Each structure stands twice: as C-alpha cells, then as structure tokens.
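Quick heads-up: the structure tokens below are two forms of one chain, split into structure 1 and structure 2.
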Structure 1
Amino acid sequence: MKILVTVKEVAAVEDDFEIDGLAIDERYLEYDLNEWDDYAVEAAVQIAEAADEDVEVVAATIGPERSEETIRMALAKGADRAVRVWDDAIAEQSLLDVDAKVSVFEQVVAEEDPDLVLTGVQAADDAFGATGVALANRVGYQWAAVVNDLDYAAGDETATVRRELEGGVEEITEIDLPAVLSIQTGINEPRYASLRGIRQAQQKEIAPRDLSDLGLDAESVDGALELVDMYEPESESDATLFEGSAEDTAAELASVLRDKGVVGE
C-alpha cells in the first residue's frame, strides 16, 4: 500500500521583525518543517514500520527549491521519496489559497494513487486548516479532521480515529479507506532524524514537478484570494509592565500576587 503525506516548509518569525510590503522581510524568517506535518510523517512511518506488507511513504510538497532541505527531514525520518511541486505561476501568488493547493495535490493523488493521505491540521504560517478536507472532497476520498489518535494497520479497509473536539471531548469515528486524515499534534512522538537517516535521505529522490508536468496550467493556481495588506496588529495591551532587573520585576510581581491574595505572607 501507499501513504501520501503532504508536508510544508513554513517560516517562523523572529521576536523582532519588519514587514516589507506583503511579506515579512526574509531576514527575520527561519524555515522549518510545519509542526503538524511532523506528526503526520511520524504517523505514516509508524504504519509502514508495523506492517508485514510493503508500505511506501511518499512526501508531497508545494515549495521552492530551498524547501528541499526541509523535505529531506521527512525523508530522514523514514519517508521513502518525495515529490516537490513548484512553478513560476505558483511563486507569483500573493497567497496560495486552498483551492489552488488542492488543485495541485489532486493531480499528485491522481499520479500516486495512495490508499491513505495524511496532512497536518494546519500550516503554522497561513493557518488555513482546510487543505486536507477539501482535497478529500475533490478526489472522492473519505476524511477526518483533527485526528489525535489513529488505529490503523496497513491493508485494513477501515481506520478508527479519535477527533479532538473542544473542551477535552474526543469523538471516535470509523472511516473507510481511501481517506485523508488531518493530523493533530500530540498523536505520537515524532522521532529525531538520526545521523544515519540524514545520510540515507541524501540518496532519496525528491522529484521536481511543475504545473505542466501535472497537466495543469497557470490558471489552476490562480486563486480567488488576494493578500492586499500585512501589518503588525495594533497592541490592545493595557498591561502594566514591570521594568528593571529580574530581582526588581520579581519583587513587583510578588507584591501583586500578595495583593490579590493568592499567596500567603
């Protein structure tokens, strides 16, 4: 069987940063594998490792050449190979919307024909939280969003998942395969890439694809959403900030705690 995991290189923003037009200035960004995708990769690799049959884990990403470094992390953690889709038409988008992403992944699914697709619940940068479920609808797979427990063995026709609802309630659901599951953090313990894994990842394939390779044209990623402004939210803070040395600020804080009556004398 085959498991496709969608992964994304996301940027984390440093504490102090500047916005340059419609993006955060490159100098203040650090790139990493999207936190939620890390758990999705681990879930896929665990299924493959526990299986008697051969399970291929393919990572798919939409990202520029730079992102290969990050995608290698997924390969170092056990994915067998990767597909990386990029194109000038994608680079030109101010914001790649859900429909555009799904149009790309739809073709990757058509090419790979996976039994199971795992995605992260959301990407830490644009935080749409919609790609997995929209993709499932597009390709006619079943789905479940915000999965924090997965009971599935390679070859099974159904998976039992827990969906983490608000307020500490979990929903237990049985899903027919093929399916797309969006994976929540905490579902497992993502492994660190071992040195051996990192070495092996250098030999693994990251196949570059552009839109025409997938039978798409520039219009297919021309989404309906356009980013027109980006700014630092105005601080609504009316917090009293204590300033000075650690000792001074701690003393002020301690007196607030005493005033509020939550700590004894």
Structure 2
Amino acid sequence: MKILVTVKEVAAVEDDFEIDGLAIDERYLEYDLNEWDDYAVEAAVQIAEAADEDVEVVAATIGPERSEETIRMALAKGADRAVRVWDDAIAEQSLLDVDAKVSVFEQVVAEEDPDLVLTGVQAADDAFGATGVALANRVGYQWAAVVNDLDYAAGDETATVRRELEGGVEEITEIDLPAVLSIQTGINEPRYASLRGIRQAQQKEIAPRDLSDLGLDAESVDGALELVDMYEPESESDATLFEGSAEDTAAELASVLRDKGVVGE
C-alpha cells in the first residue's frame, strides 16, 4: 500500500517586516512545515506503523531547493521518501493558484499511483483550502474534507472519517479507496522529530522533478489568479496608550470609562 501526503513549506513573518515588491523581504521570514500538513503526515505514519503489511509513505511538495530542509522534517517524522517539483516556469509565477497546484499533483498521483492521498485542510500562507478536493476531482478519487477523525487500517477498502461541517455539526461517513482526505488540525498529536529520525532523514530520497518530468509544460501552471499588489492594511483599531505611574494611568482609564458610559460617576 502507498500513502501520498502533499506537504508545503510556509513562511512565518516576524512582527516587524518590510515588503519588497510583491513579497515580504526574506530577512523577515522563517520557513516551516505547514501546520495542517504536519497532522496529515502524522496520520499517514500512524497508519503505516499499525499495519501488518508494508505501507510506503511518500511526501510530495512543490517548492524550491531551499524547501528540502523543511521537507526533511516530514521524512524525520516517518515518511519514507519525498518528491519535490520545481522549475523556472513555477518560479516565475507570482501566485501558484489551486488549479496550477492540482495540475502538478495530478501528475504526481499518476506517477506514484497511491491508494490514499492525505493533504492539509489549508496552507498557512495562501489559505486557499481547496487543493485536496480539487485534486480528488481531477484524479477521480473519492474524497472527504476537513477530516478530524480517521478510522482506517492498511489494506481496508473503506475508511471511516468524521468531518466538520458548518455550524458546529460533524458528520461520520465512509469513503471508498482510493481517496483524498484533507486533514484538519486536532486529528492527532504530531510527533516531534527525534534525533535518530533527523539523522535517518538525511539518507532518505528527495527526488527532484520538473514539469517536463511530469509531462507538463509551462502553461500548465499559468493560473487564473495574479498577485498584483501587497501592502499592510490600515489598522481600524483606536487604541489609547496610557503612560505614567499606576495611579496616573488608572485615573486616566477611569476617566475614559466614565466618558464612554462604561462605568458611572
């Protein structure tokens, strides 16, 4: 059995930063594995560890060579190998939209032929939240989105999943394999990468692929969306900072609360 997990390197921005054109200056970014993908990796590894048969967990990502450091965290946590797709045509995109990502992952699925595909519900940077379902539609797999509980044993033809719906309602349903499941946070407790795992991850394969390797051309990643501007939105908050001693600031705060009618005279 094979489980494919789509993973993504996302950037966390420092509190103070500068925008350089259509991106945040690299000096203010720290990269890490997308939180939702971390849960998906853990779900895949748990299935593999509980299995009586061989289960291969393959992580697939779209990202530059720099992202290999992050992807090795998935390998350190138990994924067996990884596939990284990148080339100049992808790098030229100001914004890689869902359709473009799915075009790439569709070919990875065709190449790997997994029984189960796990994705994070969304990415922390673009927050599209549609890649899993769109991928399932493209490859013709069954799917379930926002899965927060998964009952599945390797070799079974059906997975029982619990998924979040709107308004706090949850649904329990069965999904026939092959399937794509988008994994919600809280489904498990992602493990920390052990030192042994980190050392082993250095020896695991991260296979580079470009679009031509997957039978795609540059037009395959021309999305319908284009990033045209980036700016800090104006704050709508009206904060007042009181400075001085505790007695002085308490008196000022009390005066404001009386003026606003929050407290009486």
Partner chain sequence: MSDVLFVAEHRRGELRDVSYEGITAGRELADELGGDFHVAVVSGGVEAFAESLNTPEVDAIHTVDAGEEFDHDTYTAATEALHAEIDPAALVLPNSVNGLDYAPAVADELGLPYATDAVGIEYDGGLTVTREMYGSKVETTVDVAGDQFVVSIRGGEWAAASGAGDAEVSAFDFDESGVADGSRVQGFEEVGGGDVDIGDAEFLVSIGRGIEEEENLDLIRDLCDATGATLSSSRPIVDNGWLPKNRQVGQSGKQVTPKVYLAIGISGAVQHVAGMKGAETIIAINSDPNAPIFDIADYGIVGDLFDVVPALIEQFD
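Structure 1's sequence is the ruler for residue numbers, which start at 1. Just so we're on the same page, rigid core means the largest C-alpha set that superposes within 1.5 Å between forms. Note that the structure is predicted; figures quoted are calculated from it, not measured.
Between the two renderings of this chain, the form predicted in complex with its partner chain is found in structure 1; structure 2 comes from elsewhere. For Val13, a C-alpha deviation below 2 angstroms is recorded between structure 1 and structure 2 after rigid-core alignment. Taking 2 Å as the criterion, Leu195 does not count as shifted between structure 1 and structure 2: its C-alpha moves by less than this amount when the rigid core is aligned.
Once you line up the core between structure 1 and structure 2, the Cα of Gly140 stays within less than 2 Å of where it was. When the core is overlaid, the C-alpha of Asp248 ends up 8.4 Å from its other position between structure 1 and structure 2. When the rigid core is fitted, Gly167 shows a C-alpha shift of 4.2 Å between structure 1 and structure 2.
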